[in-house]
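In the form predicted on its own, a lone chain appears below as structure tokens.
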Amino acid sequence: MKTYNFAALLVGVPLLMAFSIPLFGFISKQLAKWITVLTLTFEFLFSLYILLWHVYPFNVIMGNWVPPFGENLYIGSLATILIVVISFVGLMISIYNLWSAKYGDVVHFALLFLMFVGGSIGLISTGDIFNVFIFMEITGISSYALAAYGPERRALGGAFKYLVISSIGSTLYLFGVLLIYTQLGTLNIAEIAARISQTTPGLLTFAGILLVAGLAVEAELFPFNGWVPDTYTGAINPVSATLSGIGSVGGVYVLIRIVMTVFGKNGNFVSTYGNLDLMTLIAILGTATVVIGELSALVQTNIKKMLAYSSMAQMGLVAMAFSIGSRLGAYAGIFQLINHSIAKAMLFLILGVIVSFGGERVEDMKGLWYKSPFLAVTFTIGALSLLGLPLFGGFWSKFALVDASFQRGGWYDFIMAIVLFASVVEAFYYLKVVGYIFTSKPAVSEKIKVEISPAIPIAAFAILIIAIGIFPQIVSGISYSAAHELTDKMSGYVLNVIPTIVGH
């Protein structure tokens, strides 16, 4: 297995620059914003190089101690595509922040934003289950503060709720890690995955439940997602876009990595040891999340809260896709996660421009076509992609999800029915908003002027959604390779990290 230690810069650069931001802030607050843009430009270009030139898979070896004796970062196909997505979304939001970051301490906002992005990339790349906890804390601390940022008092309530629930989740996860360590004496994900059957079945079951419960908070799965509506609604829109477009990606990755790699078995269907069947648990949590999220979004009059509940439902769909356990199911989950990250981040950024000229009720979207055709068209593109209509990115992931459910059969036919149900409910509330945008006359005829800084990321997201819809191979090839990494854990992950290990 090759090493590529320069890839440690993917984690190190944003964290280093985060703590250097105050130095630049002494010179100029605008300079602090531009340093954020430049840092994430480097992240995106470096990760894109790794993706396009097929540098992956590789290990980053810390201190010349080879795994499992030392700590490592593992950059496989799944980590590569998700780091590209995170760095791209982060770059677009940082460009947007050149216009929007104007409340309070802009310098510390930039610091927290880079900490959050760096922590999320660390979550995806670390090969150690305790370091997962460390990066959870880095992203957690920065996200609580980001959620509280802004002029509205409601932001504090949402941030506090997130702090409490996430802290409980982190504690549960840490207890799960402790139980596994007492059984196996190692924290390396690859070694644990190879030796997991050596553990005591009862403790293994309890540890698995603790790990899933802790990580489900970050993955926005019911009943651990009570923080989402208030936090997303209270935060300023760039922060809502950050939590939905970046935070959820890292949370789902770790959850699925633990369930499918640590607890998984090779073969078409995975993750059953004795009485422990985490895939069924994930399917139940995902299904409940979809139903509750979609029905809650349907009755909202505040469009920001509607998007928050919609975000929950989308993460439920992602979890349901992975729970199928097959390579096609994992492929659908990865594809759906990418589409969600891009489309939902764009919708929150669009809403941020609209709110700066008016309110955030659903009825405030009336006549948006007359106020700003650009915002009207781009919002519609994001909504139609989330609905899964043809020619938009979301179509291919939902189609793959239905296909994977059909191939699995059995009670997974119910999963397919839930996906179709979710699409129908989504159609009601998203098409209602789209109808307001194009068919209603605005109460106030004031034009919305979209400045260049927010226009660039919104346009980039919209173009990417359509490009993926027309040319799905942009992400389908790497997504299918990443699915193999999850479903065939020994050849896809374990032996790439520790080539000499023997599975038990």
Partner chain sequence: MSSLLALLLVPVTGSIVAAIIQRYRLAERLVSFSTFVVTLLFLIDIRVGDAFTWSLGFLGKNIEMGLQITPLSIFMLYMTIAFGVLLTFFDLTERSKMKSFLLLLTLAASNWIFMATDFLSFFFAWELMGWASILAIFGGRRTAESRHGALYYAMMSIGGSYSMLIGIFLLSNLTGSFSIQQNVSYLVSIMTVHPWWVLGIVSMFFVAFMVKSGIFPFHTWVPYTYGESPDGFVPYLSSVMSKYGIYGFLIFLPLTLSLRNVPGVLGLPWPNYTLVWFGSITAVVGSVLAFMQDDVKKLFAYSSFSNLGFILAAIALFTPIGLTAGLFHAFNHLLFNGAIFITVVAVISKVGITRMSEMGGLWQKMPLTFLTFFVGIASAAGIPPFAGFGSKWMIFQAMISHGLIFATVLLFFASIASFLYLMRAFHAIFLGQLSHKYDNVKEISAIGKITEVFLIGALIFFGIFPGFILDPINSIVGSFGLKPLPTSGYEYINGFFSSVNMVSIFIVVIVAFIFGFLLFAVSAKHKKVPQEDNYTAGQIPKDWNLTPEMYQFSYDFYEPMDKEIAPFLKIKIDGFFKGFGDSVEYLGSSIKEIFTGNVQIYTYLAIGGLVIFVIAGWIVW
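These figures come from a predicted structure and were not determined experimentally. Positions refer to the first chain, counted from 1.
Another form, the form predicted in complex with its partner chain, is not on view; read the next lines as being about it.
Is residue 161 near its partner chain? Define near as a heavy atom within 4.5 Å, in the predicted complex. Yes.
Taking any heavy atom pair closer than or equal to 4.5 Å as contact, tell me whether residue 105 reaches its partner chain in the predicted complex. No, residue 105 stays farther than 4.5 Å from its partner chain in the predicted complex.
Taking any heavy atom pair closer than or equal to 4.5 Å as contact, tell me whether residue 476 reaches its partner chain in the predicted complex. Within the cut-off, so yes.
Although its partner chain is absent from this view, report whether residue 356 comes within 4.5 Å of it in the predicted complex, heavy atoms only. No - in the predicted complex, heavy atoms of residue 356 and its partner chain never come within 4.5 Å of each other.
Which one, 345 to 353, 318 to 326, 90 to 98, 298 to 306, holds residues whose non-hydrogen atoms are within 4.5 Å of its partner chain in the predicted complex? Stretch 298 to 306 is the one.
Let me test this: is every residue among 281, 402 and 420 within 4.5 Å of its partner chain in the predicted complex, going by heavy atom positions? So, yes: the whole triplet contacts its partner chain.
May I ask you to list the residues of 216 to 238 that have any heavy atom within 4.5 angstroms of its partner chain in the predicted complex, in sequence order? Result: 222, 223, 224, 225, 226, 227, 229, 230.
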